[in-house]
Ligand code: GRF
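Presented below, as structure tokens, is a lone chain in the form predicted alone.
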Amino acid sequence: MLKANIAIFASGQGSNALNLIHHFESHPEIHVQFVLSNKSDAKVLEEAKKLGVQTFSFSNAEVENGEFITQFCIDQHIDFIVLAGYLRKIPVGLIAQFPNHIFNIHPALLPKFGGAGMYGKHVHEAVLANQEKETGITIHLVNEDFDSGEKIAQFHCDLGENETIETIQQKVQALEHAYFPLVIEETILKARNV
């Protein structure tokens, strides 16, 4: 059986993207085909190249052009798309071409603290301001609305009285690094063996 090719879309530092690359480095069934960013200077591109993964960057206009980005992924023989800190809305055409094959990770327990503008530190600020007793991560399918696709998995962590944005970020990132690759792997393998 041919390996499943995944594309990782990322916009910034890319710690989750790089973690996925390491996880699938010598996987018998899953291959990271490329990392794509909407920012040509995104650190993730430089780091992915060092790991031997091909990289691409396109303008916001290009990645928001459903026809362009869909055809690009088809030409690259992509089977699944993983959003790892990717900050652009996914075009409807791409979702239609890859139904239930586009995954996102969100740094909170959806449906809380989701939607447009809720990413990175903005999420942790909202969690802190709301005096939440716990937070976590949500791994979900991507649909046409921000952070509202079907949930695949959630992982929780407790929050104490003296949390800061930085301590929340550390706890959430530890969950991301521990569970995101495992959930993606399990979900892809299950989809391939249906």
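From 1 onward, residues are counted along the sequence shown. Just so it is clear, the structure is predicted and the values come from calculations on it, not from any experiment.
There is another form of this protein, the form predicted in complex with this ligand, and it is not shown here; the text below is about that form.
> With the cut-off set at 4.5 Å between non-hydrogen atoms, does E176 touch this ligand in the predicted bound form?
Replying inline: Answer yes; at least one heavy atom of E176 falls within 4.5 Å of this ligand in the predicted bound form.
>> Under a 4.5 Å heavy atom criterion, is Q170 part of the interface with this ligand in the predicted bound form?
In response: The answer is no: Q170 has no heavy atom within 4.5 Å of this ligand.
> Taking 4.5 angstroms as the cut-off for heavy atoms, does I105 touch this ligand in the predicted bound form?
Replying inline: It does: once this ligand is placed as it appears in the predicted bound form, I105 has a heavy atom within 4.5 Å of it.
>> For this ligand, considered in the predicted bound form: do all three of Q13, N16 and G85 come within 4.5 Å of it, counting heavy atoms only?
In response: Every listed residue reaches this ligand in the predicted bound form, so yes.
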